[in-house]
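Read the single chain below, which is given as structure tokens and is the form predicted on its own.
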């Protein structure tokens, strides 16, 4: 009650004891069918024949599902683009695409039978790389342009110019719980689907769409996910749809839980980018103009690539004023798994290129990169508009950067790094401070809405349901705190139940870092409605005005009357006062014209900054992060412990993306890094030995968000760009900082060693 505090995650004790129930932990129902998907082994091919006779007669097989079994629409595309079939029909468009599924009495039987399928293909030309896609002109949509002024002229007239290219690799979500769903049949053709999804309503609608049934026949429920990071925003729909189809065909419950290899091959990744940059600047390092040409490998379908690449354009400025900018974005189709949402949703790729520009300007001018960054920050009259026309009114980047640089002793440590490098031949260090400005809101406008449902029972306990989903980030805990604060009761009196489409309909995905912003406000409004009824009742009983009724410390006080919360609730019930309410919230004051890529797409910005210090082995290219200092703004924190956890986790995941997580497709388009043995996520030993994280104490959201808090899910990931810049700095020391090394992401040991070799070769007289 009262001030917000470090309330533990509502499922923390279940996580550490193994008692948290995920879909694959649910009790096995009588007659439960286990599913396995038959996947394509070709990147692009015509299906000549599919022989499933041996599969059909294998032990334990109950049925086989193909596109011919779908009653209505063979599609689970999130935007209605129609290019995400449940099962392939005549053609496969990536290696790993679903062709059929087997339903059997055990998982072992389903796997055994699936392996007996015989599929003949006729290979077709495959577009696998961005170079292939450019040559084939395989654009998913026309190239998009964001522009503010004549950038070419500004660059030409500037004192200095530079050009370059940055390659940024993709990333697998590597959630601990793989994609999973279970479907249970009910009366009147009803289906209850338990899905590990960030978007229950979308799963509901797509299943109904596939089956040709109304949405009210399908209920989707989500208690928790074992991680998601965007990978369960659209990708969960296919898994849930196949389970629902199996249940419809057999009348039996069905479960599909992907193993790690199948999950990595079948499901989407972060988009990899190649970005060409050309810019002009003056002797201080201030940009006069910048041109960016962004090419993204989108994979075989549209998925969410339009919005993701839009957000990359929106964040190509990061915290910097781009006086004249021309940003071109190309979204290219390839015969690889469809790229999809991933924490940051395109923003990280956009920020990466402008941070590379800052590092290169500093190298050209022999300046500290931090000085170049500071001279380019938003601030002052006329330097507060983004390339898309939104005014930056909440800019705290300069203040936050200065505080971090001072508290973490950046200047001294940079000098120490230079001294270390001067005396070490085979081990070099680097240091960098990079900021983050991340826009908060869905750029798809209608998604900026949420609903909630609150009941109070006669003993004073509260039941809360909302449209957000819990994937480990602590959303449920924060929203329980919001409701408890409204009623001034203990948090443990508020119970949040599984997200359920039959309680809160038409929900938006828990994404875009907006889970607490949207659902917290909706829950607060539902609670306020009931609270107003209770206050009116209490005022009537005490003979005082409603506004004089006080809720505090688990009690309700009205004039000379004093009730416990539970006692007042019971009396209100006996007086026939409604103790239930829905709540609804829609984000105000946002708009976006996609035809011109202009408007005010974001309600506010979240800010942060990080200093990373790294070390590399010049002989092997191996690297490690020595120390990280982070100062991040979360506004008025609802739960500081959860926010710090999100900052730490986001940073480490971002560092993995930029250093060790490498997706390798071979010449046939087959993903070769599809297991922990070949795909390296950060482990405990990769965590920096010194890891200081602080919340910006003076932070407060200028907009009317829930208790003036700010989103914290995605922005911290981009703090890890400081690691990449620090690695660049370390490699640059080999040539005495005269040349910016040609280092690309991920900066694996191989990539670092190649950059070192190239730099040594260029340095030879």
Partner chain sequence: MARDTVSFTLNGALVAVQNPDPTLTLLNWLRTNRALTGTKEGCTEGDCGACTIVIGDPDRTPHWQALNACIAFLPTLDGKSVITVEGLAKDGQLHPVQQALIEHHGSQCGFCTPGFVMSLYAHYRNHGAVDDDTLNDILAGNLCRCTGYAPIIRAAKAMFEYPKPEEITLATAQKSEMLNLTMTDPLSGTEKHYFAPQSLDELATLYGQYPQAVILAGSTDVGLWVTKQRKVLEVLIDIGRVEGFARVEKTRDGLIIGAGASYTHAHAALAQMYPALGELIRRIGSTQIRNAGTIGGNIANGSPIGDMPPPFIALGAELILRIGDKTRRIALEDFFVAYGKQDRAPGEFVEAVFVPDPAPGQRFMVAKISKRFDQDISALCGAFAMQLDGTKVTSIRIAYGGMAGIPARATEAETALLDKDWSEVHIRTAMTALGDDFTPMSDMRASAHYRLQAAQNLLWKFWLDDKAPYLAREVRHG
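Keep in mind that what you see is a predicted model, and the values were worked out from it rather than measured. Positions refer to the first chain, counted from 1.
The same protein also exists as the form predicted in complex with its partner chain; that form is not shown, yet it is the one meant from here on.
Taking non-hydrogen atoms only, residue 425 approaches its partner chain to within 4.5 angstroms in the model of the complex. When its partner chain is considered in the model of the complex, residue 31 lies well away from it, no heavy atom lying within 4.5 Å.
Within 4.5 Å of any heavy atom of its partner chain in the model of the complex lies no heavy atom of residue 581.
Its partner chain is not drawn, but in the model of the complex it has a heavy atom within 4.5 Å of residue 229.
Considering its partner chain in the model of the complex, the lone stretch of 437 to 445, 512 to 520, 169 to 177, 324 to 332 in range is 169 to 177 [heavy atom distance within 4.5 Å]. Residue in contact with its partner chain in the model of the complex (any heavy atom within 4.5 Å), chosen from 544, 552, 498, 108: 108. Site annotation in the model of the complex: the residue of 368, 156, 622, 502 reaching within 4.5 Å of its partner chain with a heavy atom is 622.
In the model of the complex, every residue of the candidate spot (660, 678 and 749) has a heavy atom lying within 4.5 Å of its partner chain. The partner is not shown here, but in the model of the complex the stretch 334 to 352 reaches within 4.5 angstroms of its partner chain through a heavy atom at 342 alone.
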